[in-house]
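Heads up, the chain below is alone and in the form predicted alone; it's given as structure tokens.
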């Protein structure tokens, strides 16, 4: 168990926050740029950062331990591998530093390389690997440190979509078999659902909500929490003097007379699609809205359309 106490990710933070990461779970730390994700990782790893707070592993405080002596492995989004060492030597490097016997090092290298599907490349140099293979190598080297905590700071951000999706599935399977505390930072809400057993939402250096992805999605405690798990935005409106919001996927096109549902009219201003979903942009009550529809759908710009949504999907805070 990794326990954070009175963590302040910015020097001007008014108050700190507490949080617990459990062993054997993948926790996705979700936040936009400059939310404090990297500072959190550096604080846990013992690296220089503006963040402060108490870090404990199984009730043992890490504050006095140098980075190399902490049970922490850190993988950045950049492929940080030793360019002049082979794959085998890269994986072995943390064990060489710990002066493990050669026989034990060799066994562990093969075990980790097999687990991360790079065993056939042990004699190659990092530049001879694909991007996904290089990132697997960086993860293998982090695991070779025998870390109780593995920090993955947006590790797949530089990969193309298909490779990223494939690696996410592999990581999920891999870490589901370990007792490691895995912390995966991201700015993409899809990662929360694809990888996270638990999520921690950060905004401007503060913790705004935590829990399982589905619970946080269904029961956001603030519009900021709702926004972080929305794609692309949430739609705001006023109802009976309350500030309310709807997710784009919960707004339907058409006219519905079901009692309790809410109705709107939207002036269409733009259309876009990713091939799988269509996004209809427009104005409702002078505010920018987006409706997310499955499939390919386009509506003429300048058209006024009817919208409706279930009252159960409306969030008022």
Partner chain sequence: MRSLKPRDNRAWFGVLPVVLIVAFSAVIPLMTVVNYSVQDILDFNTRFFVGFEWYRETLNDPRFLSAFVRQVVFSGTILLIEIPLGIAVAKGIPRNSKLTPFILILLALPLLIPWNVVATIWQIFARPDIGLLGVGINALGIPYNYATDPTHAWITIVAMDVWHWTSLVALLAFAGLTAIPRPFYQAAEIDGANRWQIFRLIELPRLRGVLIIAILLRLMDSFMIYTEPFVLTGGGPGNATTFLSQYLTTMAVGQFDLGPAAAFSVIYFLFILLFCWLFYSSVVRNDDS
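Please read these numbers as outputs of a predicted model, since none were measured by experiment. Residue numbers count along the first chain shown, from 1.
The protein also exists as the form predicted in complex with the partner chain; that form is not presented, and the subsequent description refers to it.
Listed stretches are 237-245, 137-145, 214-222, 111-119; the contact stretch with the partner chain in the model of the complex is 137-145, by a heavy atom cutoff of 4.5 Å. Proximity to the partner chain in the model of the complex, defined as a heavy atom within 4.5 Å, holds among 85, 163, 157, 233 only for 85. Only one of 56, 269, 68, 273 comes within 4.5 Å of the partner chain in the model of the complex through a heavy atom, and that residue is 68.
Contact annotation for residue 132: none of its heavy atoms lies within 4.5 Å of the partner chain in the model of the complex. Using a 4.5 Å cutoff between non-hydrogen atoms, residue 94 counts as a contact of the partner chain in the model of the complex. When contacts are judged by a 4.5 Å heavy atom cut-off, residue 45 counts as touching the partner chain in the model of the complex. Proximity of residue 192 to the partner chain in the model of the complex falls outside the 4.5 Å heavy atom cutoff.
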